[in-house]
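One chain is shown next in structure tokens, namely the form predicted on its own.
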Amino acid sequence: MHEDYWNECLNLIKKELEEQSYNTWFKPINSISYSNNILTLKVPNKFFYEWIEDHYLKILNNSVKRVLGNKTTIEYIIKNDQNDKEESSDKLNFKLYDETNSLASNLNSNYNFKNFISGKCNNIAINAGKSITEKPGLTGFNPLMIYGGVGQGKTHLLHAIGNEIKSSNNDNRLIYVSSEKFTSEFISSLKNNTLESFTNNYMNLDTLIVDDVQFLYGKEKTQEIFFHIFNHLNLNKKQIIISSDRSPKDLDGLEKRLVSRFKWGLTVELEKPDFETRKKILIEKITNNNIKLSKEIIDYISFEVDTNIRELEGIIISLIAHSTIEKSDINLELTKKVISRIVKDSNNEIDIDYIQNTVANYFKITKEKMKDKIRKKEIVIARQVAMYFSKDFTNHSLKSIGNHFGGRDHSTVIHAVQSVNDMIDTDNIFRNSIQDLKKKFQIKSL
């Protein structure tokens, strides 16, 4: 019977998704049982649970509500590959989200500081967040504004801060809300003549966390009510935490008086994760989910997927899905195929243009300066390093390499290679830089 219920849910889900998405995320899930309003599903690993909850929860929620009713709880069981048994410690469950429950904190317990990987790209934001959790509303970090590109971990960090605050003081009246949901609630309150209740609900908070405030763009009435709530909470030393995909100075379309208040406390950026941080994230994910990847594959993924954390996690889950569906091991060939489908312009060809861009970025100069006749020491060294690797990793002749660097002759390339070798022998810091760059090219050429 439980299989029939789940098949009904799948039929509804299938109508909402593209075939590839359905086959990847829902086809591998099996129904185990249904009793006492608990639907138990078996998933390949914890990644499936996390990915579905983050991306398809509303679709899953609606389908299960229609088939089994609002009181249903979903329980996930993760197969233990070592003994082919389902362990009770691997069970995950959640109550179907009730959109009418506006008093709920809306925090996702899966997002915490323990599983938020730190690195140069986010240390300041993490430390600021942890400081807030000790004395919400009473530090200089009020409001705390966290900004960064898509998929850099803003939402994870907001939930982590909220969860830590609730863990330290469960009586703290806290709400996490996206700006879109805030807007939706506000509009509903106008339609239902419950504006006073809506406003009081937010003004009586101890901590307000608002995600993606850039989506308040063009919503004048919503900005106005948010402005008054913001002022009230700030005046009463209540903690405000907000996120955006851009810095306050770039928030066009928002009222100046509102943006100016965003700057009252601390504004901190979540930067794009560097290679080592991406590698740490990847290792943490596969370790916690009992997934085996070779060092070669870990390095390759960490190097190729350099856009954001979300895309890195997407690659992992796609690899798992392909491996599960095709019943094959995750090897380098499969990894390259999956990455080529997801990451724009992903290929493992190393040409002079690629070397120039990589070296220029490493030394924080432009590729154009490298080709110019500038004789500044830092430019000359970068140019020589790029020539050195062009000789090492491409089949171009010395003359051809020189032409790619502003029409220089072959003797200049010979001199550059010799100069780099001399500095490798005499300068430890420079030698480490060459080793870092060489590792990048070696991984790229796998």
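These numbers were taken from a predicted model, which means no experiment stands behind them. Each residue number is its position in the shown sequence, starting from 1.
We do not show the form predicted in complex with adenosine-5'-diphosphate, though everything after this point is about it.
A single residue from the set Asn163, Thr267, Gln152, Thr335 has any heavy atom within 4.5 angstroms of adenosine-5'-diphosphate in the model of the complex; that residue is Gln152. For the residues Phe262, Phe303, Phe116, Tyr202, the 4.5 Å heavy atom test against adenosine-5'-diphosphate in the model of the complex is passed only by Phe116.
The candidate stretches are 70-78, 353-361, 167-175, 144-152, and the one lying within 4.5 Å of adenosine-5'-diphosphate in the model of the complex by heavy atoms is 144-152. None of the heavy atoms of Lys130 is located within 4.5 Å of adenosine-5'-diphosphate in the model of the complex. Among heavy atoms of Lys279, none comes within 4.5 Å of adenosine-5'-diphosphate in the model of the complex. Within 4.5 Å of any heavy atom of adenosine-5'-diphosphate in the model of the complex lies no heavy atom of Arg246. Lys238 falls outside the set of residues with a heavy atom inside 4.5 Å of adenosine-5'-diphosphate in the model of the complex.
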